[in-house]
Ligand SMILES: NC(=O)c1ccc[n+]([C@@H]2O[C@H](COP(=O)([O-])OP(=O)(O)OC[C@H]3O[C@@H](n4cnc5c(N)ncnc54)[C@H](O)[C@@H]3O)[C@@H](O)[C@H]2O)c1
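So this first bit is one chain, no partners, the form predicted on its own, shown in structure tokens.
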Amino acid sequence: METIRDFNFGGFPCRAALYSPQELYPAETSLFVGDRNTATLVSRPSGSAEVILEPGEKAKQWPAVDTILKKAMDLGMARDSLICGAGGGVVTDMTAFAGSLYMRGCRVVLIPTSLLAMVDAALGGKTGIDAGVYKNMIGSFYPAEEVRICPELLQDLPEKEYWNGMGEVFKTAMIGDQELMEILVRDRNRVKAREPELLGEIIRRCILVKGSLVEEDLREKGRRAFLNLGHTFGHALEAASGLDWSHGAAVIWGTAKALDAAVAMGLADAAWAESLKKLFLDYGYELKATVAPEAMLEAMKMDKKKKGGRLRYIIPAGPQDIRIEYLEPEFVLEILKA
């Protein structure tokens, strides 16, 4: 085990650490949660109590959490019992949400098995489920006591899921790590090849950026909102497409739309914005969507990032220069149509 950093998220201690495959499973686990794709990735004692869920975003609904809670009750778990969740962002979100509810909060350790979960979803305490196609509408802030990361698991990650996670890596680099952005520009062949040493460095950098923002602002009253770069646009695309777009791909598309908005508002240099969009295309991301702009604008009305009834948009004005802006629906619709 190698500690990346010990964090304090609003009074919740959380350790992010690197583990070998043999060390991943916490010995004190009372209940293991995974899905059909991830359960086999973590070795555990035979006969361990477990809940194995259906995989995918469309399964991220209340019945899955209810299954976890009922299993915990059947086992007679206590508040100091440990639930261990292993999987991508869907599993880690639902496991931590169930942990926050069980007896008003029991112990939770998360083992992210996808790149997206390692660099973003498993760290920081945002838990929850979707409500139909609307993303993460029901949830809580409940950081896990430890996030156990094993980069070796990424070597067998399906191609689509790898690039799903890289969407959050690009977002993190734009927000808070110019050196990481330079790595993504300079070493794209090594990134595409999933070079283990480079992946370990990328994960470490993303965790340090996100962790520092969450330590400052657990409940997203201020700068933690920067982590939503690309998400207001991206979540609308996910919802309006019936979740046919994966989260990371939608975040990249949404970031491109945020760049368009920044240029139109006179906040960002057009050449800089175009260089980033070209980089996204070079990595194979799609920047055009066939979903009706009006449907996406309607989906935005359900977005959680409201203040005073108005939607906040995270706008990139330049390298490491992120702004929170309130945009009029008519302007947003024009950006969506562009």
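Note that residue numbering follows the sequence shown and begins at 1. In this text, rigid core is short for the largest set of C-alphas that superpose within 1.5 Å between two forms. Computed from a predicted structure; not experimentally measured.
Only in words, not in the display: the form predicted in complex with the named molecule, which the text now covers.
Exactly one listed residue, out of 263, 243, 203, 157, brings a non-hydrogen atom to within 4.5 Å of the named molecule in the model of the complex: 157.
When the named molecule is considered in the model of the complex, only one residue from 255, 164, 172, 232 comes within 4.5 Å through any heavy atom, namely 164. At least one heavy atom of residue 41 is located within 4.5 Å of the named molecule in the model of the complex. Not displayed here, the named molecule is approached by residue 113 to within 4.5 Å at the level of heavy atoms in the model of the complex. The shortest heavy atom separation between residue 37 and the named molecule in the model of the complex is within 4.5 Å.
In the model of the complex, no heavy atom of residue 77 sits within 4.5 Å of the named molecule.
None of 263 to 271, 69 to 77, 129 to 137, 177 to 185 except one has non-hydrogen atoms within 4.5 angstroms of the named molecule in the model of the complex; the exception is 129 to 137. Contacts to the named molecule in the model of the complex (heavy atom within 4.5 Å) from stretch 43 to 57: 55, 56, 57.
After superposing the rigid core, the Cα of residue 235 is displaced by 2 Å or more between the shown form and the other one.
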